[in-house]
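Here you get one chain, nothing else, as structure tokens; it is the form predicted alone.
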Amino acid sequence: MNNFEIDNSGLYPLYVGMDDTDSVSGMCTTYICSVILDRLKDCGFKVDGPPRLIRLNPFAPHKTRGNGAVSFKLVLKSKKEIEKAKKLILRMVQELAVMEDPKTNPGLVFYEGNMQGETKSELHDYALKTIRTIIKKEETEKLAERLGIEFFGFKKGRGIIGAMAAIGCPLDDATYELLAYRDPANYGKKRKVDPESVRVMNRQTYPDTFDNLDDGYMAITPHTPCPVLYGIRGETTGAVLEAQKMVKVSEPIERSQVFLTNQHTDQHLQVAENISQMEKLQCYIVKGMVNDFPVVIEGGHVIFTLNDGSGSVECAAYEPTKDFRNVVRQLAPGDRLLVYGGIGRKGTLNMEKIELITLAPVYEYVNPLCECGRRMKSAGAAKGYKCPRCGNKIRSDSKEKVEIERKLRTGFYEVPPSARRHLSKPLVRGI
């Protein structure tokens, strides 16, 4: 099947997607994309719009770090020029991808023509399915063949799954990320970004940029040996470019690139009709009632059970979520919640944020109050109570039920930037 069409401007569109070219020990798919784009521009090829960074299912079993695929669109003058561009891209992916890593299995896809109609709709659906569920490589190949999408898989070739999602992902809500890349000589070394300049940048650009700081400390620098020096996330291209001017560094920046992305849009979340229908390795918004008082387990993780009548699920605020755990500790049986998060292999719901809808009353049982206003003390087993102030005695052993004033309030609570998943939408962006 050939979907090739010339567009209204007389140019030939070519969509390019790639994924799984990086490694847990270094490299970055966005960096490879940036290098390829600069080479294409140097060769006279025209890039249409910003490249796209599409984050996929955070629970995908074979993901590499952030599980991000990239795509971009070229508009070319002839079929011959398209073939030249494809050969150049294919060669550069083979040269730059970390092929020696056994967990790296790159994929590259090309779609020629205008993306519209049923093809566009099918690719949208496929991308959302890839972001929210687990897709098999065979399913991707069948769809690509039916839609006339050319694909190349290297080694096990699993990267074609994300590569195709990257060209088809709908971006009804989107953000931007500016990524600054290091000189290769500095890979693996401590990043030299001035913290105070980041705080100044945050004061002047927040909330047009966000997740710059975490409890006052820099959140824009990664902690891996990858090529990224820092990443600034924001609502517009202009916002992240303006923010970059304020960030001071003491090492050379090799290049930088702004990506249009689905990061921080909650695109990975599905609304669960009930708890019993939720599946492992998927992400949900689910409503339920707290079933028991939260407990702190080894490692500092806070756990409680959410129930909705159809079933129950264990919910966790893990140690890296920091002060978010303090909120979760204050939950009580009967509290009604909306929980946003994903279910791991063990079936635990990893919370990204919660909305506390209603608070249940919590009671404690205390010694009775004396007529003089002082709280009485036990007079001994089965001997009732005695007032330590006036000496008054009562024979009853029953305690008084008193409602405890709760400090927790209804509303939204979220994990800090350092614990936030790439796709999770921060409250500053709205709900």
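Numbering starts at 1 and follows the sequence shown. Note that this is a predicted model, so its numbers are computed, not measured.
The next section is about a form of this same protein that is not shown, the form predicted in complex with adenosine-5'-triphosphate (ATP).
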| property | result |
| --- | --- |
| Candidate stretches 159-167, 91-99, 241-249, 315-323 - the one whose heavy atoms come within 4.5 Å of adenosine-5'-triphosphate (ATP) in the model of the complex | 159-167 |
| Contact residue in the model of the complex, chosen from I135, I275, V327, A219 - any heavy atom within 4.5 Å of adenosine-5'-triphosphate (ATP) | I135 |
| Site test, T175, D211 and R420 vs adenosine-5'-triphosphate (ATP) in the model of the complex, non-hydrogen atom cutoff 4.5 Å | no |
| Contact flag, S34 vs adenosine-5'-triphosphate (ATP) in the model of the complex, heavy atom cut 4.5 Å | no |
| Interface membership of A60, adenosine-5'-triphosphate (ATP) in the model of the complex, 4.5 Å heavy atom rule | yes |
| 4.5 Å heavy atom contact, P51 and adenosine-5'-triphosphate (ATP) in the model of the complex | no |
| Partner proximity in the model of the complex: N262 to adenosine-5'-triphosphate (ATP), non-hydrogen atom cutoff 4.5 Å | no |
| Members of 17-53 lying within 4.5 angstroms of adenosine-5'-triphosphate (ATP), judged by heavy atom, in the model of the complex | D19, D20, D22, T29 |
